[in-house]
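Okay, so here's just one chain, in structure tokens, the form predicted on its own.
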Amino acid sequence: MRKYFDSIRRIAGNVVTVNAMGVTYDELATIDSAHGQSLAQVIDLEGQQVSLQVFAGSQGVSNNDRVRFLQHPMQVPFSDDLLGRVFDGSGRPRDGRGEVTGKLTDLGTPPVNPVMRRMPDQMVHTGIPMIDVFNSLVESQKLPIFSVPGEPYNELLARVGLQANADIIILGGMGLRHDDYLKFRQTFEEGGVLGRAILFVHTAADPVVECLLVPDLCLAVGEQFALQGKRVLVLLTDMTAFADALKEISIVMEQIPSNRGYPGDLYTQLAKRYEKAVDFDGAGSMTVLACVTMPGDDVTHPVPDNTGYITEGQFYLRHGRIEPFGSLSRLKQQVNGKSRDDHRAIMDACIQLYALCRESREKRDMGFEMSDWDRKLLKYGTLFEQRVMDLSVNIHLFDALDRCWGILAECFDPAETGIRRSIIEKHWPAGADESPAEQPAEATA
């Protein structure tokens, strides 16, 4: 039976406070006003004082209005009809098509019990060498992309969604510009994956509470598909906008702020979402790849700082490239030894030589004399950036490994790579020049 209360005590911004009993956190409510009915959600409980975030804003709400609690949290209808559709942050259609009906699924349910999970051991191929070769993405992994505004992080997410070997792609957009939303949609349509994709999009003009619901909508739907045996890839952008929405609401509620004004439970709020990534024992999996923008390129900012403690590594996107130093996939060892016998050897050798190239560049920039070894390293660094690090490179993992071998053979003698002789004898390109340092570097990839 629904509960009715009409003692609204306070209206601040889009938050309404009412005296009520027997109410639970995250429960939905409706507010009946002279302007119609508004949907709201419980966001704070303090004794008999219940704070509700009004989805469409509190304009038109008065102290005499009636509040009805619905005795259930926010729900999303789940069915295969969700595929190919675009929704807003409240689950309403944004594509001009009808409502979806199906089994109602609660949002914000607890993460899966670790006992029911299996050890991740399947690679998610993306076609991006800096991910597949050097920091492999693994099914059920939770990984953020640390970036700054202006970097092509949305384009990177769209490419991963387009090319990843996943059955279902779910995009959660938070605070997106309208043109960014249209670009995601166009990319998925032109790539032929929109039919197996679901988009939940909150734009900067939408109510702030819908920004908070987007990750929960994505993860609730993704979990249900994973239980059906599907491999689900969830793309979230931008989790900093999600955290800013949390901060905005906490300020309105006059909560004591923590670091830089963010609420004290920021870590918990982020972990509740990231920890939904899972590989079910006997069913499918859900992988979470999220973008986290860093204001001022500051990795100590509360959002990336807290995120780094929860997730299993991170990618750094700087100057249009995934940086090899600092980027890390803590689960890559679970899969890169099973792909090809030279995967780990190439991964280690290429990064070590690129680190030495960075040192040689510093010596060159400071005016030191360059040795033959320095010149080999400089040539290698240029080719590696052009043919492997450039985000426009789009090749299969095995082709990327072969390309790395070709670059090594073009710049170094076999003994200079530091790779085991048994691996070199098997994979060193046939007919490679014994004096590679004399060859001119190619201008383009």
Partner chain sequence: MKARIVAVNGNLVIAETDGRVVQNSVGYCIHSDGTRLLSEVIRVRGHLADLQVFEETRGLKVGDPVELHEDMLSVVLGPGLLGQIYDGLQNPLPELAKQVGFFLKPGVYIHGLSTTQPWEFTPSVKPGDTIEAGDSLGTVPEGIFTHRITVPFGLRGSWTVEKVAPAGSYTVDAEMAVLADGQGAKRSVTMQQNWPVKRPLSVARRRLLPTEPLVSRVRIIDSMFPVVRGGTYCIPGPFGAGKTVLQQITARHAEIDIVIIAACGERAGEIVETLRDFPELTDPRTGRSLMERTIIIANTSAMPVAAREASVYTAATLGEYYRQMGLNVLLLADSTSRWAQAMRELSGRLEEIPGEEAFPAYLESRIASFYERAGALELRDGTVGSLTIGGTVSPAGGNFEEPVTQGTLKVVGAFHGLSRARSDARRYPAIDPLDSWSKYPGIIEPDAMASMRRLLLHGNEVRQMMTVVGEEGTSIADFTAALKADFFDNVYLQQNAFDEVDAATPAERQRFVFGKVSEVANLDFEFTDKAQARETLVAVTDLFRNWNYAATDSEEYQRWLKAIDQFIATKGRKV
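Just so you know, these numbers come straight off a predicted model, no measurement behind them. Residue numbers count along the first chain shown, from 1.
Below, we refer to the form predicted together with its partner chain, which is not included among the displayed structures.
Note which of 191, 264, 320, 295 lies within 4.5 Å of its partner chain in the model of the complex, where distance is taken over heavy atoms; exactly one does. Contact check passes for 264.
Of 272, 196, 85, 230, which one comes within 4.5 Å of its partner chain in the model of the complex, counting heavy atoms only? Looking at the other structure, the residue within range turns out to be 272.
Decide yes or no: are 46, 111 and 308 jointly within 4.5 Å of its partner chain in the model of the complex, with each residue judged by its heavy atoms? Verified in the model of the complex; spot residues all in contact, yes.
From the candidate stretches 148-156, 102-110, 179-187, 122-130, select the single one in contact with its partner chain in the model of the complex, where contact means a heavy atom within 4.5 Å. One stretch meets the cut-off, namely 102-110.
Taking the shortest heavy atom distance, is residue 257 within 4.5 Å of its partner chain in the model of the complex? Looking in the model of the complex, residue contacts with its partner chain include residue 257, since a heavy atom lies within 4.5 Å.
With the partner left out here, check for me: in the model of the complex, does some heavy atom of residue 328 sit within 4.5 Å of its partner chain? Contact with its partner chain, yes.
Consider residue 23 of the chain shown here, and say whether it contacts its partner chain in the model of the complex, taking contact as heavy atoms within 4.5 Å. Judged by the heavy-atom cut-off of 4.5 Å, residue 23 is in contact with its partner chain in the model of the complex.
Taking its partner chain as it sits in the model of the complex, is residue 268 in contact with it (heavy atom to heavy atom, 4.5 Å or less)? Residue 268: yes, in contact with its partner chain in the model of the complex.
Looking at its partner chain in the model of the complex, which residues in 269-288 have at least one heavy atom within 4.5 Å of it? Contacts from 269-288: 271, 272, 275, 280, 281, 282, 283.
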